[in-house]
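Shown next as structure tokens: one chain only, the form predicted alone.
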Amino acid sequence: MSLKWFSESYGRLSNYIDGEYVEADSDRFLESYDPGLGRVIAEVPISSRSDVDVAVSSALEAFRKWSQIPILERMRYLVRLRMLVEEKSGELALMLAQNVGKTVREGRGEVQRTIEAIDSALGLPHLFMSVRKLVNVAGGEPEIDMEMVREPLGVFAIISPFNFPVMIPMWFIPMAVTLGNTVIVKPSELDPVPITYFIKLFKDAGYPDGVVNLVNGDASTSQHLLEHRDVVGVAFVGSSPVAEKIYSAACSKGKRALCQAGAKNPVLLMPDAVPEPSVENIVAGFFDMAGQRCLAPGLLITVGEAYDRFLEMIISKVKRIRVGYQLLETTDTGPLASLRGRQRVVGMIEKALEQGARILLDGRNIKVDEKYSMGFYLGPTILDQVSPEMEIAREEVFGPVMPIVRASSFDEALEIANSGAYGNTGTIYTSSGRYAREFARRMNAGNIAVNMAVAQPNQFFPFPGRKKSFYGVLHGQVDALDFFTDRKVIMQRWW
């Protein structure tokens, strides 16, 4: 596979196993697009069980040596990796924009958050200070000493979504390998180009062969990883139905599982919200990255007079969003990542209209420059007269759609917000400390935001989720120490 980074075409992608790019043992391939052009830019192999076996064997062999290296030495590789990511940040941002459909600005943001994930892993020795040792826990002769240590577990699978193809794997890889494990990444088949190239930076940083591997493929490839006896755990981010299946499959086979899932994030807009910054922030939250973020707002609940006070401001602001090709610096929001995704979102819009919603702004027939007319574009769409029972109000859209539900009071709005099946984030816009405090206390979600549309915690905080937004016990980021290691108690008596 060519190692030239940003390009118009990447040909047939390879897997990355034991420090080398290798062709998959498969004659089945999928197409990966530049969604702004609607043009194929890569062929993605569907890796077979034999490909997974080779990758796991490489990772397991590497684990035996890698796990014995002192953690401070393992950290030095992270420092070199960080420098390489910064050097490649410009090209990486372009590749992310090109293959995902996000703007270059959003691609730069993903690179920056990738670097922050590395920074967070550099703090692992401080977490390791939770190791315990007690001397002479039993009186008399001879004495008994007891200590608790943490040990890495082995080979972990990391199954990542399409919307952040580098950042989300990097939530887990630096933590996993610095703690002494080895990993196999299975990226989304929609846009694996950036991570397939990025993965070699680990070797460039000096990591031994086999510590970090990648197998391309679809759901069948993920299934092979889950079924492999030498894979001890899986970290997954994606839709709730898939998260539930992966969690169930992993647990049934005695594997650890951390599954962060879908969302339907409600936003309460109170009448006393500060107008200009609140509207600007809400619009950016709904429509940046064409709404393809698990932390993006999914439902706007206007409370009392807020509807009349803010609606025209919101519509006016949304109309100014420039939809276009994602690599142009003048573009505010780009296309959806896939044609299938666009068709799904359009279907949800049309179903809402059939159920009685009223369209205030229709993005289904958005016009872009002729040279980009084959792209998967969908303009910002605003739906009014949405009832809480409609699918558009209850299920994740993952597209540039703002459904509006009206509530007469704070309590009614909070009841609507809490009635959904998901619990990723909840947001309120208000100038009232009382309402903000009450919302934070009563909103049943893992991440709570006051006057900010996207409740994204920093890497040194947990990434919690509730209800159908999370499957497991340990959360990403701050719980990495417990997820990627296990405790061992050693008791010693010397005669």
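All values derive from a computational prediction rather than experimental measurement. Position 1 is the first residue in the sequence shown; the rest follow in order.
What follows is about the form predicted in complex with nicotinamide-adenine-dinucleotide (NAD), which we do not show.
- Contact annotation: Asp218 falls within 4.5 Å of nicotinamide-adenine-dinucleotide (NAD) in the predicted complex, judged by heavy atom distances.
- Ile246 belongs to the set of residues with a heavy atom inside 4.5 Å of nicotinamide-adenine-dinucleotide (NAD) in the predicted complex.
- Residue contact check for Asn281: none of its heavy atoms lie within 4.5 Å of nicotinamide-adenine-dinucleotide (NAD) in the predicted complex.
- Contact check for Val237: a non-hydrogen atom falls within 4.5 Å of nicotinamide-adenine-dinucleotide (NAD) in the predicted complex.
- Heavy atoms of every residue among Ser222, Gln260 and Cys294 are located within 4.5 Å of nicotinamide-adenine-dinucleotide (NAD) in the predicted complex.
- Put simply, of Gly423, Gly363, Pro161, Pro194 only one has a heavy atom within 4.5 Å of nicotinamide-adenine-dinucleotide (NAD) in the predicted complex, and it is Pro161.
- Interface residue among Ala157, Val100, Ile168, Met175 relative to nicotinamide-adenine-dinucleotide (NAD) in the predicted complex, by the heavy atom within 4.5 Å criterion: Ile168.
- In short, of 261-269, 328-336, 351-359, 302-310 it is 261-269 that has heavy atoms within 4.5 Å of nicotinamide-adenine-dinucleotide (NAD) in the predicted complex.
- Taking nicotinamide-adenine-dinucleotide (NAD) as positioned in the predicted complex, the residues of 164-194 that bring a heavy atom within 4.5 Å of it are, in sequence order, Ile168, Trp171, Lys186, Pro187, Ser188, Glu189.
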